[in-house]
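Single chain ahead, written as structure tokens, the form predicted on its own.
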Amino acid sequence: MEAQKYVWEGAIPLQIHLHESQVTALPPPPPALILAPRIGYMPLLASLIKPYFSSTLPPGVDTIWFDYNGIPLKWYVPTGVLFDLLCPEPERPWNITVHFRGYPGNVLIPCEGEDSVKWSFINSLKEAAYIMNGNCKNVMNMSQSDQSELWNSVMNGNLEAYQRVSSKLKLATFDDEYRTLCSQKSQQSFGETDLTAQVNTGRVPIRLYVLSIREDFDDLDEMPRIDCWEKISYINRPVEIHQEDTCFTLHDALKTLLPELFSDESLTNVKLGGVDFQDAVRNPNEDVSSDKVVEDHGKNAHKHPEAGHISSGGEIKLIRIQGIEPKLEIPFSWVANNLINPDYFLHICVYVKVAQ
């Protein structure tokens, strides 16, 4: 509960600059300083940002979008995930640029404001419910008032209200053994432990982002700037937790998610194979209105389409979840219970240095 509270209270300091092409008054406005919730989404900041820059905007229809170092920010990805993915060496404040014109429709799918974000969230929740329970009836049958309360709790960062409504969805949870911390496993090789962990069998919805870098670097602050989404592979695949006589750790989960990345011996002998981020993600504006549609997405989540395949050795430089770099020996059930986003997906960012 305490860990979840920290996740929900997490925020990223933003320094938001208006793009120079849209400045119509001198002197140009100073950047806006905003604390953005980690679990939130960039378009939800519009009500704070637009009034701040309104006096200097050119005439026309406003369509807000953001970029970081020239990369358009995908609005349906939680703000904290964007930060973890695009800022390997955390930049505080995070300097991003806001645009009100020239929406990059070739990179970003359309966003009609809060409604688009809301339905993207609800559809992700339906998808997670199908992965966890085999159906999404409880999400689809939510009353209008419960749906509104759930969405408002996410927008306002109200964990108590969120738990009150989400408990009605009866989505699976997992017994975790955080008290043990798998201490024996940290002292033994991964194949020799006999630590008992009482974990319910279940599936954890995962969204995995794998950033591949060809240039050599020793420290994160020396890492080359990320200049396009093509360098990021996106994988939507659940992890199954079984009741067994070994402690199922984050390391075990990552090996399950990315068998082609992990060798049996080491984290530093990897192969990168993924899917293009834009091709893999479905349209968040699509309304998932039947079990059949969600079932198709849920089944596809088990697959790993081969696109943008890179078959060369490499080295894992960083694994980041909710802004932290967890030890690989941590019980995965604890991670699944405490570090998930409100849509019940666990977002994991992995940085990989691939061989030239």
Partner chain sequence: MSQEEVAIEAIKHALKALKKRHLVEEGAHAPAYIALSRPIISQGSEWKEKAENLEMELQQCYKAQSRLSEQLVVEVAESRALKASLQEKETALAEMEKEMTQTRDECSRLKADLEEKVKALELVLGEREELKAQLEQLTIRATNAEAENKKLVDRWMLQKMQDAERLNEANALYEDMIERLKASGLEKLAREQVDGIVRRSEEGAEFFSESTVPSVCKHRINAHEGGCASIMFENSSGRLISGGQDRSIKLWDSTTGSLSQSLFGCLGSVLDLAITHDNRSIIAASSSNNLFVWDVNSGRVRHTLTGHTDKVCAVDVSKVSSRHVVSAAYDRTIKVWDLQKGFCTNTIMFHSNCNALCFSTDGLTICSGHVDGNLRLWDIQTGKLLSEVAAHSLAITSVSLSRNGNVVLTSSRDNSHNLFDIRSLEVCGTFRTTGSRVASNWSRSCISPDDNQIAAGSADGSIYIWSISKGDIVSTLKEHTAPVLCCAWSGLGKPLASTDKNGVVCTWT
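Residue numbers count along the first chain shown, from 1. Computed from a prediction, not measured in an experiment: that's the story for all the values here.
The same protein also has a form predicted together with the partner chain, omitted here; what follows describes it.
None of the heavy atoms of Ile316 is located within 4.5 Å of the partner chain in the model of the complex. The partner chain in the model of the complex is approached by Ile34, whose closest heavy atom lies within 4.5 angstroms of it. Contact annotation for Gly323: at least one heavy atom lies within 4.5 Å of the partner chain in the model of the complex. When the partner chain is considered in the model of the complex, Trp334 lines it closely, a heavy atom lying within 4.5 Å.
Only one segment in the set 207 to 215, 118 to 126, 153 to 161, 91 to 99 has residues whose heavy atoms sit within 4.5 Å of the partner chain in the model of the complex; it is 91 to 99.
The three marked residues, His17, Ile226 and Tyr234, fail to reach the partner chain in the model of the complex, with no heavy atom of any inside 4.5 Å. Taking a 4.5 Å heavy atom cutoff to the partner chain in the model of the complex, the contacting residues in 328 to 344 are Glu329, Ile330, Pro331, Trp334, Leu339.
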